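Here we start with a single chain on its own, the form predicted on its own, put down as structure tokens.
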Amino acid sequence: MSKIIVVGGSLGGLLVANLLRSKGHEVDILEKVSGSLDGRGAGIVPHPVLIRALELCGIKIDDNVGVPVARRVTLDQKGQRITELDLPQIFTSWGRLYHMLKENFPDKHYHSGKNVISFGENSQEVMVHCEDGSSYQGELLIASDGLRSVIRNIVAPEIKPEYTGYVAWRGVSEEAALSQYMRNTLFDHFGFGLPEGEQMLGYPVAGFENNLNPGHRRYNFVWYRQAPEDTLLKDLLTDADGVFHPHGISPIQVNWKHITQVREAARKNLAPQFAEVLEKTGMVFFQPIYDVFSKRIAFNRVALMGDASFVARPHVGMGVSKAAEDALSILHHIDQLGATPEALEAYQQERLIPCQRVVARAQYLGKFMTAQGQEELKNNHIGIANRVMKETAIDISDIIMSDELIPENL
């Protein structure tokens, strides 16, 4: 069997590493962050491809994977239900999947605090060099090191994240802290709100230590708000001490004044149920939304996957599932062709166009943030609300190569 290096120890890296190990390959994960990544991310929709990948890793999937949600609803500013849709799904958390994958992978091959700075390769292997002076070698290098991938910056420096013009405010609120009114009218549903130029959504996820019992769960929210890059975004990325964080600010460094402002905006613009969630969320933070679009993802003995290759806006709900599809494709072609450049080229041939289309699909779903989308919403509010509910965070695997992927009109 082969020796393979995976750069990036988040969900995508853990998925491909566990899958490769399941076929007998020796895999080392290099993660730049020291210690556990637990606490990152929030809610996730585990589409069938992700479940299949987890099962192939040898991870048992049962009813404890997440919270079942049967219905989607859209609320107006007063908190009244204006439309609804039956669409059963399971909602899990980033932390739940991280623990499942991390516990399935041997600690001795998961190397934290490894900031990769360069790599070299010859006809037989790749040698990866880290900032601390350590080096690792393998027959292939799989880069799953995220939005600002170090490996992508080396092999394809022309590929840069492109800011979309808006951010996602996020957080989770404890079910027990919420009013009976909120729990009766919204908590058990995938909820949507469509204030002008924005979108709010939320859904229940497991509570502390994966507690799925009523009263002990949490409600996860994502609120998309416009933030021009040269003005508001720059301000948001500046902490309370005046330090600017151009590549992203950690949740604990978000300026408390900005959190106060977004809670005030919630009381003014959102349904009271959503405003209450923001008010009672201990850690409110935000993520700038970017597109990453690649024209190539295989470079001899190096391949990009997950967010290192493509980043689609969260509206599609495909981030982790896309990484699972990437990982399964890599596994299949290594099975067929060995740990060779030919296997990675075959992976590129299979995944390049579908991933490009996922990014395009996500851009289409972000149309509500534009002036055109707002005009359409104004003229057909219920119709557009139904389309948003129907098309957000669904499994698009079957239509990924069809003309239905990006409808002409929202």
Ligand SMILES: Cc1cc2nc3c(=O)[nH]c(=O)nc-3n(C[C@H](O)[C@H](O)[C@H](O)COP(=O)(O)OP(=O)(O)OC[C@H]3O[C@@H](n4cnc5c(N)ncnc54)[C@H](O)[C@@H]3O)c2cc1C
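So that there is no doubt, residue numbering starts at 1 and follows the sequence shown. Just so it is clear, the model here is predicted, and its values are computed rather than measured.
Keep in mind that the form predicted in complex with this ligand is not shown, yet the notes after this line are about it.
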item: This ligand contact at S321 in the predicted complex, heavy atom, 4.5 Å; value: yes
item: Close approach of V45 to this ligand in the predicted complex, 4.5 Å, heavy atom; value: yes
item: Partner proximity in the predicted complex: Q287 to this ligand, non-hydrogen atom cutoff 4.5 Å; value: yes
item: This ligand contact at E325 in the predicted complex, heavy atom, 4.5 Å; value: no
item: Location of this ligand contact in the predicted complex, chosen stretch of 274-282, 173-181, 82-90, 299-307 [non-hydrogen atom, 4.5 Å]; value: 299-307
item: The single option of P161, G146, G138, G207 touching this ligand in the predicted complex, heavy atom within 4.5 Å; value: G146
item: In the predicted complex, the residue from A266, M200, V116, I330 that sits within 4.5 Å of this ligand by heavy atoms; value: V116
item: Contact test, all of L19, C355 and L365, partner this ligand in the predicted complex, heavy atom 4.5 Å; value: no
item: Partner contacts in the predicted complex for 1-32 (non-hydrogen atom within 4.5 angstroms of this ligand); value: V7, G8, G9, S10, L11, G12, G13, L30, E31, K32
